[in-house]
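Here we start with a single chain on its own, the form predicted alone, put down as structure tokens.
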């Protein structure tokens, strides 16, 4: 592809790739120079040009010598649009999911439902790139724009026709999901998270709304979990843009949840849709798992799926890694669950999901991450104090903070909780004290395979540790 084909100019240089890291620039690369939270990409323009960059996308006031300056007040957006032209084509049907909680489960369930309908489907998110037969970890909910677009294009070359991906607030504000023809977008919920980055809830919500205001195709469909307090604002935005609106939940009009009955290993959902009542035996526990499944069903219906068949297929959904995943059953019969809940709202939801299945005590092991929103720590403690019968405060990913200080902040909200700093010891203690009718919930890290302490990532998997302790 020639540079002029992307810029509309007369440049004849051949474009060989895109990069936002000057160390990855090769001859023929278009370099994106953006101001970041820690690093200013404009500082590396000269190095990128020396390495062979033929063009630089940057602010008009940036200094670019020796390469074409593609000047734009919004260089991230311009870079994403140019990169999309280079990497295309993409899967014909793409759907994006945003919200504080439930994104990972919803995109994975959407992938499963599409696969059941006979499509070659994939998902991209916290768990990595997932297809019917493989998973490749990316390490981020939304990878950088170059990695994202190249992965998506690669999936299309492999025959993937349907893609669901997570659209995080970081990814949306940094234009990491730009350029795809998004046919359907879903909103799950909004609660406190990432305020260390966004500053306040209004800015956080605005970042997520970019998915509906700018990324979703004008003739696309908006799928909204109608039971969240912020749902009316999302619905108003969809109506203003003329998007097809699909609402799900107790207040939903497309898929209205009129009954939910917990069972030992799942729940039965009673759903009113298209003038008929459908009963779905969902093999997953918890109200929020029902919400994720119905939101996923909404995305499938929004992209052409049959309502009856899609709801019937929900009975075949498989658990998502680290999302209320039953890690092991202790020798005395007490089940141990692992969940990614790392916000006050998510912790409350995980506790509420397990409570109806708990005949004895709910024993909770949890912590909070370092170098992240400190204001949520006491709130997480309060959620644990209210919902759990026994709470053990331990380390999550302390990163560069003092783990003891993080625990102290949590304990202000849960003064009766037990403090065991070592996460492995905390999990062992919880399982050891569990009696036959108790349930153990290990929250915070879910699918993660490591614990970040200082600048190091130490091997640690909640599921594996729980199984070793139970054995």
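Just so it is clear, the model here is predicted, and its values are computed rather than measured. Numbering follows the first chain given and starts at 1.
FYI, the form predicted in complex with a small molecule isn't displayed, but the following is about it.
The small molecule in the model of the complex is approached by residue 292, whose closest heavy atom lies within 4.5 angstroms of it. Interface residue remark: residue 105 is counted as part of the site for the small molecule in the model of the complex, having a heavy atom within 4.5 Å. Under a 4.5 angstroms non-hydrogen atom cutoff, the small molecule in the model of the complex lacks residue 298 among its neighbouring residues. In the model of the complex, no heavy atom of residue 111 sits within 4.5 Å of the small molecule. A heavy atom within 4.5 Å of the small molecule in the model of the complex is found for one listed residue only; from 340, 148, 337, 87, this is 340.
A heavy atom within 4.5 Å of the small molecule in the model of the complex is found for one listed residue only; from 216, 349, 255, 282, this is 349. Residue heavy atoms within 4.5 Å of the small molecule in the model of the complex occur in exactly one stretch of 115-123, 93-101, 384-392, 311-319, and that stretch is 93-101.
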